[in-house]
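One chain is shown next in structure tokens, namely the form predicted alone.
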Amino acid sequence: MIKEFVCISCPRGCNLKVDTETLKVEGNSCPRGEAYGKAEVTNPVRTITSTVKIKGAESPRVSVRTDKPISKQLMFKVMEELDKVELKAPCKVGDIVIKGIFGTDVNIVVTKEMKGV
């Protein structure tokens, strides 16, 4: 079976065709496209960026992200878990909000300093 993707590894946005049985990739202009195409059919991952609630800060929410890509299958579960989180100010960039989410080696970290009011 052939799957088609637009590569997001660089600004070119190559149109990839990947054979799911042989993992042969066509349409890539660079080696990153080949790696991306293979990963998309074997184990797609994404970096998640979002916000969580925070008390006692100048804003009611603070931005967070995964510190490395996580399995695409876990995206909605991660977002549901982030909806349950409420931090207390202050917090700084890099503070770990959730360590090893769902038993992975991926942490959720703060991406914006938030001072208390």
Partner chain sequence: MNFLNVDLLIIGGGPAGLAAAYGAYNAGIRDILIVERDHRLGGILNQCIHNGFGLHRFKEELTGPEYAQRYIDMLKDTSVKVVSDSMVLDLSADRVATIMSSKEGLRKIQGKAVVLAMGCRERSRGAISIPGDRVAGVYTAGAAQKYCNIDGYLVGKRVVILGSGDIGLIMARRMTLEGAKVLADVELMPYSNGLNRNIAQCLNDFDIPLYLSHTVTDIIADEDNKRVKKVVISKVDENRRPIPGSEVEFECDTLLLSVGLIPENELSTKAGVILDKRTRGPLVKDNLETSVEGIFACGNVLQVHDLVDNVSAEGERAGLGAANFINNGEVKGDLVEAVPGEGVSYLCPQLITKEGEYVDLFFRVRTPTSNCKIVAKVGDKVVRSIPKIKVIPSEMESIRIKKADLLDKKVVVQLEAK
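Positions refer to the first chain, counted from 1. Keep in mind the model is a prediction, meaning the values are calculated, not measured.
What comes next is about the form predicted in complex with its partner chain, which is not displayed.
At a distance threshold of 4.5 angstroms between non-hydrogen atoms, residue 12 is in contact with its partner chain in the model of the complex.
In the model of the complex, its partner chain sits within 4.5 Å of a heavy atom of residue 75. Contact check for residue 58: a non-hydrogen atom falls within 4.5 Å of its partner chain in the model of the complex.
In the model of the complex, its partner chain sits within 4.5 Å of a heavy atom belonging to residue 49.
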